[in-house]
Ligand code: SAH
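What follows is a single chain, given as structure tokens, in the form predicted on its own.
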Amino acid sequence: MSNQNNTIPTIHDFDLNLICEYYLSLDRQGPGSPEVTLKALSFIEGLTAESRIADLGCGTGGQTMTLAAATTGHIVGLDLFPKFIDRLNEQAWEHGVRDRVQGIVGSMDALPFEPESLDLIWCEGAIYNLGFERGLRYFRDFLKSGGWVAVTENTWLTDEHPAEVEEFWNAAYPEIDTIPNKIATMQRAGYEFVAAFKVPEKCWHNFYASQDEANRIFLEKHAGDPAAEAFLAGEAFERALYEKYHEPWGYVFYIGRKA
């Protein structure tokens, strides 16, 4: 799909209210799973009941609830969309962790935390909003000495990429790069590299499959709305591209410790 300027629309080209409405209907706002979250958490040491954790770009809190079940510290989930935060706080009540899990509305580029106050910053599928290096450098200011960061990032997994894939990612996220280059970026940003692993392909397939019913309901509600139809077309294009060329790229979890 191309627009009139022969460029591929990305999610940033669409109305935020439409994006919020669509993703609010999904259990997860991106590829992932409790198992993947727990695997990343297994590389992080020393968390206690006194630890302070921030889950940035938390969405409706799928991974936040996994973190809450596996840790005993205080967790703040932050997202730009108030309805996402409402859903997260509802889940915290339902899971009996509202005393130590709080969702707040905020922007990742204006974090409301004191410098060097956090033990762990978590960010699944959202650091691209700031850019990988810029985000890591910014997050570092809020981590205690020896604090941890764990993020997922779109990454090239092969050396060769079909032209169609190159065109899409050059438009959507030009900062996409290889695992070795991402690790070097993490180190340059002031972290000791700890671990990196690929998010399994099944997480992507499960995420896209979860959109089928959401697509139908969304399109029925917004039938004839060019903006909504263009948004769904963009989502469908990315899904088709991944299903056709799933080898060249995917999410990689990167875990580091403030040096």
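The shown structure was predicted, so the numbers you read here are calculated from the model rather than taken from an experiment. Each residue number is its position in the shown sequence, starting from 1.
The form predicted together with the ligand is left out here; the points below concern that form.
Q: Which is the contacting stretch out of 142-150, 168-176, 76-84, 183-191, given heavy atoms within 4.5 Å of the ligand in the predicted bound form?
A: Of the options, only 76-84 has residues within 4.5 Å of the partner.
Q: How about Ala40 - does it come within 4.5 Å of the ligand in the predicted bound form, if we only consider non-hydrogen atoms?
A: Ala40 lies outside the contact set for the ligand.
Q: Going by a heavy atom distance of 4.5 Å, is Gln102 a contact of the ligand in the predicted bound form?
A: Because no heavy atom of Gln102 falls inside 4.5 Å of the ligand in the predicted bound form, the answer is no.
Q: Heavy atom to heavy atom, is Asn89 within 4.5 Å of the ligand in the predicted bound form?
A: Because no heavy atom of Asn89 falls inside 4.5 Å of the ligand in the predicted bound form, the answer is no.
Q: Considering non-hydrogen atoms and a 4.5 Å limit, does the ligand approach Gly106 in the predicted bound form?
A: Within the cut-off, so yes.
Q: Counting only heavy atoms, which residues in 35-64 are within 4.5 Å of the ligand in the predicted bound form?
A: Gly57, Cys58, Gly59, Gln63, in sequence order.
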